[in-house]
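The chain that follows stands alone, in the form predicted alone, written as structure tokens.
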């Protein structure tokens, strides 16, 4: 019987949902047929370049664009800065040019005459006392809970430690930028590298005094966003302005050095933490004093994520100090605040377990009741046990510092994390054509995570069709509105509306088939491209679709709704098995295990891929990725892909991913997955290193020098 409910099919009855299905656009991407903003090259396209300031803090005292404007082949010049303006970090945009060829644009940038009055700067994000003396700090306190001092006095074990993570910068494979082309004076067509297709036209309209309805945003594919591409940037507006000046299309993407300097970063955080446990091994007190920077605006990592996850501590006290630096500003960076909060908390608790002489796995299992969200506790219990089986924790774990004879030491470490992952607001239009063709339209975007594939699976499963029968159209703001892809909200955001719209379509088709073939509509089901009744084929899908008449049927879906299709809050566990060379300080990943839930899984292949990508990104910030600022000059001195160290294939080790999906998870509906897997790697890997060598390397990334300093008892 076909029940008229939007609920997902019972587990085990799906032909597509939950299976390992390759991305439907995979061949286009692999073959080069997929066109990114950087590939748009309509006739007459000019090449845009940006000139930036080489100083951390300066005043513009002269800006002369004349020579650049007069150069042959230069068609437009735009000034970002004005004489008398202060610029606040290395990479601050000064001017842009659009020219016939890239090399002409480069020559034009060199022809621009700029004179600066260099001012005092501050770029050291870890030197709290120096920042205070420079007047660069602002304090925030949270009201204490319980009697912190008394809890420390009566505790069985107390640990005090120093921990930190340096700033890491966005490093999207496709750099920030756009291709802008005008149609007349009032219509603008933009191919924008964005994770916010439906939301960026009003930003252009406000800046350029246009009607938002006359701004077309296109983003068929995007080469990474990770939280940095929600908004239209000033260089995107400049691109459109220069296109209008020149009367020609302009393509402007940041060069790699500028991309690293100004396209956003994940804030740093450093902390002195004191934590205690009672005679039962339960965490009873927390006291933290943290500081860090979000760049020129100051600020620090939110106090709400520290202590992280194990947050229901009866006695706690927190203080935060934000440092204002002359560095590029922060932007959302995959799971904002959570990697920092997780690292500080889980590492401090791992050190407390070592102080107690305990296996950290048992310590964290015992303290699951310190997690304030009760429904996550059972999930973590199951995930911790399963991850331990996959990594061989029982056989391999040893007390700290007993990592083996000789200079190569081996260790295990673990971490846990959570993320909301609730569905965002979205709408879709679903069309059924008389020839049986199915089309879904939605103003969403695919960050490379499989949005198209998820939509196709949802619709095809609902209508009982093969995947190839569904045409998915996204990437245009002319399609029904969908919010930006951020916060791991997209899969829930797009699957819910498409499920609802597809069911409306199916019920209409059932009614038409019932009338034509004189069967009970409630007895019908769709599978295998056919319409069935009580185990017998009534007609093919194409025959059923032909009953709609000459015009297509159109249905609209929206969400989120409280109908069981989506939910929120996921949990994940990661465990790392590492080798540390105590003579060179080099760290190697042997095996890295992740056990992750995300409710009902639409496509297991893309889900597993998301977890692996998060683990890889985590290995990067754990071992090598770091923005390095020269304190004397204020320059970002490793703003290139040679010295901004990202892991290579040989640095990754074996990644083991298991999607945790008992029946209770399946029943929750879809929950977002993109961000959670990037949260735990820093803590898990750092804890494994501490287990191997017997001392904590307190600050990420765990470079060889920091490992050697920790072994020598120095300041890492």
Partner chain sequence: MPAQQHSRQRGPSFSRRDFLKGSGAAVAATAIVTAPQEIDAAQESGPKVTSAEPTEVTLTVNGRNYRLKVEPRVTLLEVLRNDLNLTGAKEVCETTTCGACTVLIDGKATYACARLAIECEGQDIRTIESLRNGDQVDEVIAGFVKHDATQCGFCTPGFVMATKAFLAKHPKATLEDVRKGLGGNICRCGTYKGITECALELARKGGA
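From a predicted model like this one, the values you see are computed outputs, not experimental measurements. Residue numbers count along the first chain shown, from 1.
The same protein has a further form, the form predicted together with the partner chain, not shown here; the description that follows concerns it.
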Checklist entry - So which of 61 to 69, 38 to 46, 658 to 666, 681 to 689 is the stretch with heavy atoms within 4.5 Å of the partner chain in the predicted complex? => result 38 to 46
Next on the checklist: Quick one: 103, 333 and 642 and the partner chain in the predicted complex, is every residue within 4.5 Å by at least one heavy atom?
Outcome noted: yes
Checklist outcome for this item: Of 500, 251, 75, 338, the only residue with a heavy atom within 4.5 Å of the partner chain in the predicted complex is 251
Checklist outcome for this item: Interface check vs the partner chain in the predicted complex: of 593, 620, 524, 544, the one with a heavy atom inside 4.5 Å is 620
Checklist entry - At the 4.5 Å heavy atom threshold, is residue 256 in contact with the partner chain in the predicted complex? => result yes
Item to check | Partner proximity in the predicted complex: residue 224 to the partner chain, non-hydrogen atom cutoff 4.5 Å | outcome: yes
Checklist entry - Going by a heavy atom distance of 4.5 Å, is residue 696 a contact of the partner chain in the predicted complex? => result no
Checklist entry - With the cut-off set at 4.5 Å between non-hydrogen atoms, does residue 109 touch the partner chain in the predicted complex? => result no
Item to check | Contacts with the partner chain in the predicted complex, stretch 439 to 475 (heavy atom within 4.5 Å) | outcome: 447, 448
